[in-house]
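Next up: a single chain in structure tokens, the form predicted alone.
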């Protein structure tokens, strides 16, 4: 009996293996198409993780990776006890908080507005126009911002023509953050609507037809059909967004910062570049980057657990 049972198990195992091989052969080209993506993540995402170890070393380029001495958590201790840590943390969280409050809902609102447009040619035209800023580099956007908002720019000339004093948009700590948030919303809102428009396109039209028969107006259709239908998408993207709460975008802030607004413009991304590239503190800057990544992981898991506690599926 034992031999028969073992033989049956072997046959079943071979059948499963044969089935898997047939499935792979059937979808062979799909697996081939996946290979470039896998190579990208292996080469640019997973292999560089080996370099995280220099956060626990006093790395010296002349001694090399293996010759540099281990220092444990010294780099982290130096970072947390440095006078810059508090300022960097506040600046980063403040800009991230503003982006979350004003920037995250903007694509949702834009997608809902576009979804209400009935004339397709007009809708496609508006979509094209709001997508374009995403493909403009931050260098161009920073140049446009400087042209518009510097002391002799178009905006200040208009303010002066109205009899008011020029506003130092680019150098004042009070106006720098709103300017940064405005740039982000203008650049990314249109492109961010793509996912939400796809979710809206998947809503069954019969739900709206039934609501109309029941006497529901446009607002009630939006509140009871549209919004609940895309709620899962909104929560998923919000969870993913929380993982980047300490990422403010190096390009934008590096280009917009100057000596007069550095008290509010210097964030972790800019600080890592300053310490790692211009000062050669590779271990210290790696420790700062690792700290950011760990905070992002914690926030993703925490947000996912909160979403599940609220009755949503989460992302894992």
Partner chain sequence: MKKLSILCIVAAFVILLSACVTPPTGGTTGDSKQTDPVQAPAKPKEISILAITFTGTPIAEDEPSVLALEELTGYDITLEFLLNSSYEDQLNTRMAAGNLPALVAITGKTASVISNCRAGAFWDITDHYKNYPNLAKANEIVMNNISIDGRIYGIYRARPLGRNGISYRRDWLENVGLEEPKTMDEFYNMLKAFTENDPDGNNQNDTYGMTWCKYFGPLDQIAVAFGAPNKWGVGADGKLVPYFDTPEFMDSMKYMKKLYDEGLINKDYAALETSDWTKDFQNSKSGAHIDVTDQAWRFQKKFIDEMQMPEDIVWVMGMPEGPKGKKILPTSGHAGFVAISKDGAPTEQDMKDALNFLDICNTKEGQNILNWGIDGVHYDLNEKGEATRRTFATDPREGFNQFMTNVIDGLLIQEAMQPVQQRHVEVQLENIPYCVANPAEPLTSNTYADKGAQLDQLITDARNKFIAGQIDEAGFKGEVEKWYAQGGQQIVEEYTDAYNAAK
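Residue numbers count along the first chain shown, from 1. Computed from a prediction, not measured in an experiment: that's the story for all the values here.
The protein also exists as the form predicted in complex with its partner chain; that form is not presented, and the subsequent description refers to it.
Within 4.5 Å of its partner chain in the model of the complex, a heavy atom is found for none of 69, 138 and 301. Proximity to its partner chain in the model of the complex, defined as a heavy atom within 4.5 Å, singles out one entry of 229, 221, 94, 171, which is 171. Of the candidate stretches 209-217, 83-91, 177-185, 101-109, only 83-91 contains residues with a heavy atom within 4.5 Å of its partner chain in the model of the complex.
Heavy atoms of residue 55 never reach within 4.5 Å of its partner chain in the model of the complex, leaving it off the interface.
For the chain shown alone, residue 247 is not a contact residue for its partner chain in the model of the complex, no non-hydrogen atom being within 4.5 angstroms. When contacts are judged by a 4.5 Å heavy atom cut-off, residue 77 does not count as touching its partner chain in the model of the complex.
Contact check for residue 146: a non-hydrogen atom falls within 4.5 Å of its partner chain in the model of the complex. Taking its partner chain as it sits in the model of the complex, the stretch 50-68 comes within 4.5 angstroms of it through a non-hydrogen atom at 59, 60, 61, 62, 63.
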